[in-house]
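Shown here is one chain on its own, the form predicted on its own, set out as structure tokens.
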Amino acid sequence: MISSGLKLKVVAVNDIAPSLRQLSLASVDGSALPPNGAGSHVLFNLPGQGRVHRNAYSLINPPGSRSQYDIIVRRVPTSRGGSAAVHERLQLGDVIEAQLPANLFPPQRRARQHLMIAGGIGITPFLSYLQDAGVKASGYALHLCCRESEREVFAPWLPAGDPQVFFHWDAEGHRLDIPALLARQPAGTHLYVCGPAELNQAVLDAAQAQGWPASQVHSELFGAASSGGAPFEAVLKKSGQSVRVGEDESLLEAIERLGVAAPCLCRGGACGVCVTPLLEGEAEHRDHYLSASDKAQGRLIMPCVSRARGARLVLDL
């Protein structure tokens, strides 16, 4: 079985929009939870139909909170199980397992200014940024690209009347001009973007075109890349097991069906937590993490999104 570090009880459920659900979870035994920093995730084991889904969600609590963990989850129409489990199965009083908080997207303490660009539910890590003393002391601006109908949804977690929080949506006069925004930032600004792939890439391309130093540009991608494709066999060398990876499941999901504790976090090919040595076979790389050199060498694979180009892969798991 896949081990976890925490047992959490759902202590509050709030449907804040038709496709958005906010959950609060506390320790089952009432003990203090491990503290989290701004930008932290927790990986939850969520009940599914005949299986457990392991999905990570950003904590929106103030940094250092230990009484409960708060998350907001969007119900995705093409959900592979995680968001569906949160919206359709989790109820008040349910107990689930979770791993300890991890942080792959922290605010940079050396920044003179923090510029945050979020797309939809990509606002969630920034809700904790706005409660971070260091971010507030340095100065910040948050630009949220969302549906016009959702402008007020996140208000309970935003500073009331904050002049540095801006909303953008797809209408004349309200669209975000990314190049213009980046061009007027003062020296020493750090840029953060979290959202769907199209927004992330547009921001990263604009920053590169304007000569932003790579060390001052930070991104977090949500939403898994397409993981479907031709079925193949995966052999796990260390455990001596093999599994057939179906055309509509990821390699990681197939491995998890065996109960093998494969490391993961974002499940979208962006964080690098699940990178696994590839012993035999050729990978079809679909991740955003491995370098071109890594992919050319053919010795690593990201099981969360990548697949086999042939009939068989052998992994060092």
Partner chain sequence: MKLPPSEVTSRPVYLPLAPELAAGRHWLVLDAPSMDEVLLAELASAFAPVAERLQVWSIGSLQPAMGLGPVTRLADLKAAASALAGQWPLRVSDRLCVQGSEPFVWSVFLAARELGLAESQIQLAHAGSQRRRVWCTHCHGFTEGVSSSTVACAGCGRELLVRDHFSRRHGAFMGVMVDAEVPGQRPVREELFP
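Positions refer to the first chain, counted from 1. Not measured: the values here are computed from a predicted model.
The same protein has a further form, the form predicted in complex with its partner chain, not shown here; the description that follows concerns it.
Visitor: Hey, in the model of the complex, is residue 151 touching its partner chain, heavy atoms inside 4.5 Å?
Guide: It does not: once its partner chain is placed as it appears in the model of the complex, residue 151 has no heavy atom within 4.5 Å of it.
Visitor: I'd like to know if residue 209 sits close to its partner chain in the model of the complex, meaning any non-hydrogen atom pair within 4.5 angstroms.
Guide: Result yes; residue 209 sits at the interface with its partner chain in the model of the complex.
Visitor: Taking heavy atoms and a 4.5 Å cut-off, does residue 183 contact its partner chain in the model of the complex?
Guide: Residue 183 belongs to the contact set for its partner chain.
Visitor: Does its partner chain come within 4.5 Å of any heavy atom of residue 175 in the model of the complex?
Guide: No, residue 175 stays farther than 4.5 Å from its partner chain in the model of the complex.
Visitor: Heavy atom within 4.5 Å of its partner chain in the model of the complex: which of 137, 187, 171, 92 fits that? Just give me the one.
Guide: The residue from 137, 187, 171, 92 that makes the contact is 187.
Visitor: Between the options 83, 200, 131, 216, which residue brings a heavy atom to within 4.5 Å of its partner chain in the model of the complex?
Guide: Looking at 83, 200, 131, 216 one by one, just 216 meets the 4.5 Å heavy-atom criterion.
Visitor: Please identify, from 122 to 130, 232 to 240, 153 to 161, 109 to 117, the stretch that has a heavy atom within 4.5 Å of its partner chain in the model of the complex.
Guide: So the stretch in question is 109 to 117.
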